[in-house]
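Shown below, as structure tokens, is a lone chain in the form predicted on its own; questions about how it binds or moves come after it.
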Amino acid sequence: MDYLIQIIVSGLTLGSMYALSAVGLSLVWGSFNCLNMAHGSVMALGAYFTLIAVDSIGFPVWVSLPFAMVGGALVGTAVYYLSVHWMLNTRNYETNIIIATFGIGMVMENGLLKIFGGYPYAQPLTVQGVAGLIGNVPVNYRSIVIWVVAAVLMVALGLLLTRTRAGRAIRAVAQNRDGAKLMGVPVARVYVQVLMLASLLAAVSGILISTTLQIVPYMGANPLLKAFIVICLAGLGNILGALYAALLVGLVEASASTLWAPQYGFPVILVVVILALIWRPEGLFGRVMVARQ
């Protein structure tokens, strides 16, 4: 029984962290029909923003989270104007944006390495201590904070997309860009908003991940890969499916790590994803597209 509790606690913690990055990546895919390859670098930047806020500027620790969120949103805006803005109306823009954002991500990572070096830093925005026991399994405050932050942001994003005018515009552009443009939707502004939201979520995801590991310039590479696995498993562009798939991936990784060893977590995830995509190539929560002649 304790093994099951440990798997659930660890799986929810991992899944919550993966959900933020995967939902942001899925939001970009749904709107642009391509990937933002700088997404992982934004995660690393989010973690460094908290470090800058506390150690360099001297802000209180609780201010560092909104500081990093604003910083992540600004980075997303910069990514748009440095790459996406100039490529949306070009031929094969999806491939061009992927290549351009990959280059921007490399510049970000190498810039962090140049400024901060390769030395790992501890995340200042973390909570120590054990909240209590479930059975014989300790549940620490850090896990609870991760659950709460992820849940609040997911609910806020859901309300934004379903209850606001900006959210309706984002969904309209995701469904049909040309149709939305004909109806007067400011498509360029929507794309900026999408990258701002996705980068904000990526920054928070990087902060949460760095509370369990350390802050290093290349810390976003592995989470980006897992986020891509999650959105493939969910179905590309399916935001709600990405949330469910992230929790599933977190539970699978926690199961492998608890029952065998941590190094088996990622290989088991790959096996599960491959089997799931063989069964449903469109993703667990994706829809089959029917082409009529």
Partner chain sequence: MMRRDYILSAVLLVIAVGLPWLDPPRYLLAQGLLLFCWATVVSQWNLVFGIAGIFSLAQIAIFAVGAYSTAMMGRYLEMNLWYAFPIAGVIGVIFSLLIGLGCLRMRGVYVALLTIAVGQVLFVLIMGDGECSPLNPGICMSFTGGPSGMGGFGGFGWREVLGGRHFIIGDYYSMLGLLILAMAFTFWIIHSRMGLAFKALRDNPELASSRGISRFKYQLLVFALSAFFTAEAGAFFAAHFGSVGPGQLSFTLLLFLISMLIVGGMGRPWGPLLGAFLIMGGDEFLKEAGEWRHIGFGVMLLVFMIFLPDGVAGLIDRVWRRLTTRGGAARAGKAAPAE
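Positions refer to the first chain, counted from 1. Here the structure is a predicted model, which means the values were calculated and not measured.
Heads up, the form predicted in complex with the partner chain isn't pictured, but that's what we're talking about next.
Mind telling me which stretch in 180-188, 120-128, 148-156, 88-96 gets its heavy atoms within 4.5 Å of the partner chain in the predicted bound form?
Selected range: 88-96.
With the partner left out here, check for me: in the predicted bound form, does some heavy atom of W29 sit within 4.5 Å of the partner chain?
W29: contacts the partner chain in the predicted bound form.
Hey, in the predicted bound form, is L225 touching the partner chain, heavy atoms inside 4.5 Å?
Output for L225 is yes: heavy atoms within 4.5 Å of the partner chain.
Proximity of Q263 to the partner chain in the predicted bound form, heavy atoms at 4.5 Å
Taking the distances in the predicted bound form, the answer for Q263 is yes, it comes within 4.5 Å of the partner chain.
Even though the partner chain is not shown here, does N110 get within 4.5 Å of it in the predicted bound form, heavy atoms only?
Yes.
Among A100, V139, A172, V216, which has any heavy atom within 4.5 Å of the partner chain in the predicted bound form?
Here the answer is residue option A100.
Counting any non-hydrogen atom inside 4.5 Å, which residue from M37, A254, I239, A53 sits next to the partner chain in the predicted bound form?
By the 4.5 Å heavy-atom cutoff, the listed residue in contact is M37.
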